[in-house]
Every structure is written in structure tokens, then in C-alpha cells.
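Given next, in C-alpha cells, is a single chain: the form predicted on its own.
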Amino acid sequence: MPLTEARPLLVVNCGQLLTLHGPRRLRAGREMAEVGLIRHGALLIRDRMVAMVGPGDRVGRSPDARRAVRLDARGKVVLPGFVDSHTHALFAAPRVEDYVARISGASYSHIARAGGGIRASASRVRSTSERVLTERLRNVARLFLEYGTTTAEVKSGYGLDLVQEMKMLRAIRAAAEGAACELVPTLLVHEIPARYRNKRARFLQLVRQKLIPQAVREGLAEFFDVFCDRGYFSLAETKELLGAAAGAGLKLKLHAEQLARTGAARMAAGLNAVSVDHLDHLSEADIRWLRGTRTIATLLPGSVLHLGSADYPPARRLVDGGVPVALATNFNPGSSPTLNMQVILSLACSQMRMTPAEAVTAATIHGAYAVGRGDQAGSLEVGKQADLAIMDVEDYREIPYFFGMNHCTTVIKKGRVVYRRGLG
């Protein structure tokens, strides 16, 4: 029986259905452990939206359920599609040279000074056409789906100058058109270009007066981000750029406290940033201060693993301290070449001592809030987008337990089956 948007879709026989039902706001403290689990559940989808969710026998009695196309979850785990709220998924080539150098003992900073790192990626973007970048990101968007991610933020930042940054943003927009995985664009100011090394103020002026206005004018970005850290942008420079972006109507994110503690997280939260990301070097005072804000702490343990660092973000203390936590892959060619959110859940649990329930919350509803879509995605509740994944496990805790594996067999985005293992 063909599936069309005109007919409802009924997902039945969900051994564990994780709805993430809860308050229509960020969850904090013990709320992060509430995943809204329904055993032997079912989900009715109509017009791309969740129309009914609950125990299978009750949902099955709905008049719409009787005429719906049925999808049997076969007793497996069904949960909201992951929302990957921090990625650098658009890049021209991997940085294997950096990886090998790091194995041999080179530091992140040494690799950057030797011509690797962000500038190496920028050089490759410069020599790659917009068409090729677009096609590359389209392929990545398909891979996101295979691992259960239905929405992903994508940053620019490997362009460095105005022309190349705009090229990246246009490639993100082109790739997003028609992509089943929803892509959320962010304008990232990543590093000072080499030719502006001794003219930093001039570069900041170009970003404020040309790059930000043009990106906004063309509708190419929703968020604005800066790499505020040792050796990159200072607190004062970052505050200047964030102020310009906010004034232009962009929502704010920030790379903060990754390489060293700078005070960037507090500064950005004070500017009402949606999220502060990384936070590997966060103090107890920072955690107490963040608790009183609406800013999400987005943690990226994939980078810590890949860089061989011992400094995982203090997830346990953040959660216990009442700070809303999100998880993301930070998929990029230098420090986190993975787009598998299931691996990130494993790292969150085994290395950062989050519970599986907290990790699921961080990777779904809090990820959605971190990209401005908490009212649309991240949970399976009536009136929200029907974005979900079916995992080939019987208990959701097995997703992080069986680390490094891909458990995802089926993905539904806005009520449409967009991936089934073995069928593409």
C-alpha cells in the first residue's frame, strides 16, 4: 500500500517509545532524566505532525489509525530524531595530516602554527567550487539520517574572508533545499586570516560592516558564532562581534572554554546566547553563574576523544547544578570527524557520567532548543514534527552501551520515511 501524505502513518509495536514529553521549555536537574517512556507504544502521524501518541492499544482504536499505513517497529526502541546542534559539516577535505602529526606528539596549537588546522581547511575550501561543496554537504546530510539525526546545525568558518564565507553559506542553503535532514545555518568567525594578522581591527570591521550585514540581507544564517579562545579571538573582540550580530537579528552561539578558561561562557550568556559550546575548562563559579541564565551548555566529547585530551567537560556537575545540557558531535575534519550521535551518547555516559536518560534528553529536545526549534522538534508530542528514529535495540540504554555501533534502522522526518537500512 503506497504511503502518501494524504494518509496517516501508524508506527506500531514500539517496545520502548521515548516521547521526551515534558514542559515546553528547557529541562534542568532531575528533569533531564525524564524521557517519557511508554512501553508497547504507538504513534499516529498525520500531515507531517504527531497526531496521537500513547499505549499501542489506545492509539490503535483511533479512527485515523484504522485507515493508516502501518509501520511495525518490531518491539524496538523508538525515540525522537537526534538534533545535532554543533557541526562543521561543510568542509572540502579531511585533515589526515593533522591527525598523524597529533599522534606523533604535535599539539593543536603547534599544528595550527605549522599551517595545518583551520587555515588548511580554509585553503581547501578556497580551491573548491560552490557546486562541489554543495554536493559534498548533500552527501553528508544523507549520512546524518543513517545514524538517526534528523536536524543538524552547519557552520561556515572555513572561508575566513567575506567571499569564501558567503560561498560556504550559499552552499549550505543549496544543500538544505530538498534535503531530508534539516540543516540550520550558522555564520562562524573562526580565525583571523593570515593577511590580517597584523590588522585585526580592520578584519573585525569587515565582519561587522560587511560580512554580517550581507549574510543577514541574503537570509543565509540564523545563528552567529565566534571561536573565542586562547590564540584565536579575545573576549573584547568576541563581545564586539556578538553585539553586531545580535543587532543585525542573528541568534548567538559561542565556542567557549575549549583550550583554556577565558570567561567566554559567562560573557556570552550575559548577552543571551542560545548556547555556549565545548566548555572543557569550566569553573565551579561558571556553573553556578550559568544556572541563572537561559543559555544551554552544549558539550562536544567527540573532540576530547579525538584530540587525546583528558579534559572532558564537567557534564555531571552541570546537570546536578541545574544547567540545561545539550550534546553534539562537533563533526569536523580536524578535531571530531564523526557524525554518529550514538557515539557521543556513549562518551557522555562513560566519560562524563551522564545517565543514558540524560544523554538522550541532551541529544534530542535540548539539541532542538539549541538550534531554535524546541517548539517543533526534539520530542514526540502532539502538534510537533514527526521526526523519529527506530533503533535496533530492546532497551534505550543499549544505545550508548554498545558503543561505536549504528543501531538505527529507520528514520522518519516530518512524517515521511526517509531512511530504511538496506533500502537507502
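Throughout, we count residues from 1 along the sequence that is shown. Predicted model only: the values in this text are computed from it and were never measured.
Below, we refer to the form predicted in complex with a small molecule, which is not included among the displayed structures.
Asker: Of the residues 147, 99, 196, 227, which one places a heavy atom within 4.5 Å of the small molecule in the predicted complex?
Answerer: Filtering the options by heavy-atom distance leaves 227.
Asker: Can you pick out, from 176, 118, 92, 166, the residue that has a heavy atom within 4.5 Å of the small molecule in the predicted complex?
Answerer: Of 176, 118, 92, 166, the residue with a heavy atom within 4.5 Å of the small molecule in the predicted complex is 118.
Asker: Which is the contacting stretch out of 71-79, 123-131, 252-260, 266-274, given heavy atoms within 4.5 Å of the small molecule in the predicted complex?
Answerer: Looking at the partner contacts, the answer comes out as 252-260.
Asker: Mind checking whether each of 379, 385 and 413 has a heavy atom within 4.5 Å of the small molecule in the predicted complex?
Answerer: No, the whole trio is out of contact, none within 4.5 Å by any heavy atom.
Asker: Looking in the predicted complex, any heavy atom of residue 332 within 4.5 Å of the small molecule?
Answerer: Residue 332: contacts the small molecule in the predicted complex.
Asker: Could you tell me if residue 203 has a non-hydrogen atom within 4.5 Å of the small molecule in the predicted complex?
Answerer: Residue 203 lies outside the contact set for the small molecule.
Asker: Any chance residue 289 has a heavy atom within 4.5 Å of the small molecule in the predicted complex?
Answerer: No.
Asker: With a 4.5 Å heavy atom cut-off, would you call residue 312 a contact of the small molecule in the predicted complex?
Answerer: So residue 312 does not count as contacting the small molecule.
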